[in-house]
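Just the one chain here, laid out as structure tokens, in the form predicted alone.
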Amino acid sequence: MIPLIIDCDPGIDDALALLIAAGSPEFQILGVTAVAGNRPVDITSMNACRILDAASREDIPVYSGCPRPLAYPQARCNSVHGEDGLGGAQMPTRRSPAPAHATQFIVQTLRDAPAGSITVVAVGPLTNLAMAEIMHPGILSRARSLLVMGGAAFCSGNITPSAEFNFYADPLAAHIVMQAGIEVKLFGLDVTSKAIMSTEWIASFQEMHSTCGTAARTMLDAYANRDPLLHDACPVAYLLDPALFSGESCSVAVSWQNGPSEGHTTVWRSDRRNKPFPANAVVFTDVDSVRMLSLVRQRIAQLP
């Protein structure tokens, strides 16, 4: 069983990632931390509670985190997922996030556990993780593995020509995390753009009459026409079946200063001579999307 922290900004694709994780007995989910991103942090943290409760995982605590990026006074949110962040899917909850701050939970959990025992999956802006690293330098290197959905290594961005949304939402945080001294497994647009939800796959959710199946169908109907890609499900699917993905070892740097290149992912392949930095990431560039779609549907179908 994999001890796991999930840092996210639900968001429909985050919701699908959480549902997959909640329906996978391979994971021991220690906590879910929320950050401002797709929607403000008060919405994303409550959405995490709603998603987990729909999956009957009230045992998993949710911690609300940073409300804005490190270098800017306001969150950089979007409306792709609707005002509620979940495309209108009805998932009631009676709880609120736990009283501790998300960054406090991340630091305490990584510090108290044996080094190399906890996996961290981050599928939103990296503000919470960067704050943990600022407060306690070296804390992220205590993780067994750090999987990040973010960046656009060898392709154009989706929020600006240079930048993917998660890295653009807090580019300084992305820079800090990428330089934190742990090899990052990076699932950027290079690979998530290939995790395409087919029309037939989305329609197959009509056969599910469970709470989570109905919610997933509502979210997918709202999301598919705008961005029919399973971005945030990729790192979770990788933990369940690494053979789905292929990538290469690279040096990765993130442009964090204000300007046209803000949030841009600069990459040096491992075979390039005289590169300025050693490899700090595995950049994934391909996925067996048919098998991944099957895995995602299978796990959600198992939920109540």
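So that there is no doubt, residue numbering starts at 1 and follows the sequence shown. Just so we're clear, the structure is a prediction, and the values are computed from it rather than from any experiment.
One more form of this protein, predicted together with a small molecule, exists but is not displayed; see below.
Taken together, the three residues D170, E262 and T265 all stay farther than 4.5 Å from the small molecule in the predicted bound form, as judged by their closest heavy atom. Here the chain stands alone, but in the predicted bound form its contact with the small molecule, taken as any heavy atom within 4.5 Å, falls in 161-169 among 161-169, 196-204, 103-111, 90-98. Contact check for M149: a non-hydrogen atom falls within 4.5 Å of the small molecule in the predicted bound form.
The closest heavy atom approach of C234 to the small molecule in the predicted bound form falls outside 4.5 Å. The small molecule is not shown here, but in the predicted bound form it comes within 4.5 Å of a heavy atom of H81. For V120, no non-hydrogen atom is located within 4.5 Å of the small molecule in the predicted bound form, even though that partner is not displayed.
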